[in-house]
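Just the one chain here, laid out as structure tokens, in the form predicted alone.
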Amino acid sequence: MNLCYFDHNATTPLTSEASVAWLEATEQSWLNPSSPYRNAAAVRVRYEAARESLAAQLEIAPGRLVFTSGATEANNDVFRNWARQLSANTLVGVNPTEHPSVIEAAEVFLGRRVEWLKIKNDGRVDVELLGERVRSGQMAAVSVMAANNETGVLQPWQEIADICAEANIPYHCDASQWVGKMPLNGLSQCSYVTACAHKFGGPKGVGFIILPNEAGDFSILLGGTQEQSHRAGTEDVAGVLAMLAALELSKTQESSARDDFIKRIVVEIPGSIIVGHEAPRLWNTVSLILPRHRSMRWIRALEKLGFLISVGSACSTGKASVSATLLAMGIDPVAAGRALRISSGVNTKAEDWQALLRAMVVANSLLDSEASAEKSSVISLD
């Protein structure tokens, strides 16, 4: 049975172009670029050319760009460095709907110094209140993502970048779900930006962080002078070249097929709720709360019908019964336990969305029948 994949916010299939780039680099540019001989120097040239190419797309100086193993590593190190660099008497504002790699890093490295920012019912940070807190002088840094991985809600990160710049404090923006789906312009105004390749058709295990110009003592890994002494370790030339190949193919799409699905699902399954429907959202994402049956029952039923969907962040699935993001938005825990995350990719067709709709109607009927049978069984036992 062919499976229809609707979990692109968790990871994306490797594009053929990225695969070709990775294989070519593995075969032709496998030497350690930090070695002293000329053949290694040629690999170094390719690697630095890739940095310059990505930096140009991001509209930053190449020196601000550091390649990493992904966004989780980079997010952790932003907070580890902030814990060392920022005054112990100041607070760091953090959006409570961030990815677990931000939430947990903030809690571990900063503890009571974290101030959880106020958010509106639609999941967006209250910019007015944030501005007041920043201008009070007690907040030393801010971390707010660009786009939520579960709901697709777009944060007002450009406004936040301006607020932080005016106050001369650093702003970290996790752009893992933004890069490859939305335009890159404007990210250069953030002090720190983190992203990873596997969210837009690149390989797993590679990503990047944008650092501020003055981040000379920012360290990720020790033991070498690679990445301008910010991150030690042999450079992943093949991964970086594959990431660039994937990013060159990424694009912003129209959301008409997704929007048609939303309009019909609330009719076909009355009582369905679209999370964050009043906020601007990623074109590929639907966060849906169903009127009946827990999330995992829906996921299993749809998988049997040939559709792969999720419940939230893949990094937190299995750790908690309900989404921390939905709870932070004020959604009832019982309702949050019926939530699904549906996320498409650049190759998802309108017919795929239509087929998913039909499958969900079938699954709803099957789950209702199963629930009725289970209830009848309990009654008969009584």
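Note that the coordinates shown come from a computational prediction; the quantities given were computed from them, not determined experimentally. From 1 onward, residues are counted along the sequence shown.
There is another form of this protein, the form predicted together with ligand PLP, and it is not shown here; the text below is about that form.
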Interface segment, criterion being heavy atoms within 4.5 Å of ligand PLP in the predicted bound form, picked from 127-135, 250-258, 228-236, 174-182
174-182
Do all of Ala140, Ser143 and Ser191 end up near ligand PLP in the predicted bound form, with near meaning a heavy atom within 4.5 Å?
no
Please check if Val275 has a heavy atom lying within 4.5 Å of any heavy atom of ligand PLP in the predicted bound form.
no
If you check in the predicted bound form, is Arg281 within 4.5 Å of ligand PLP, heavy atoms only?
no
Contact label in the predicted bound form: Thr151 to ligand PLP, heavy atom within 4.5 Å:
no
Please tell me whether any heavy atom belonging to Val286 falls inside 4.5 Å of a heavy atom of ligand PLP, as the geometry stands in the predicted bound form.
no
Report the residue, out of Ala242, Cys196, Ala106, Val78, that has at least one non-hydrogen atom within 4.5 angstroms of ligand PLP in the predicted bound form.
Cys196
Heavy atoms within 4.5 Å of ligand PLP in the predicted bound form is the criterion; list the residues of 71-99 that meet it.
Ala71, Thr72, Asn75, His99
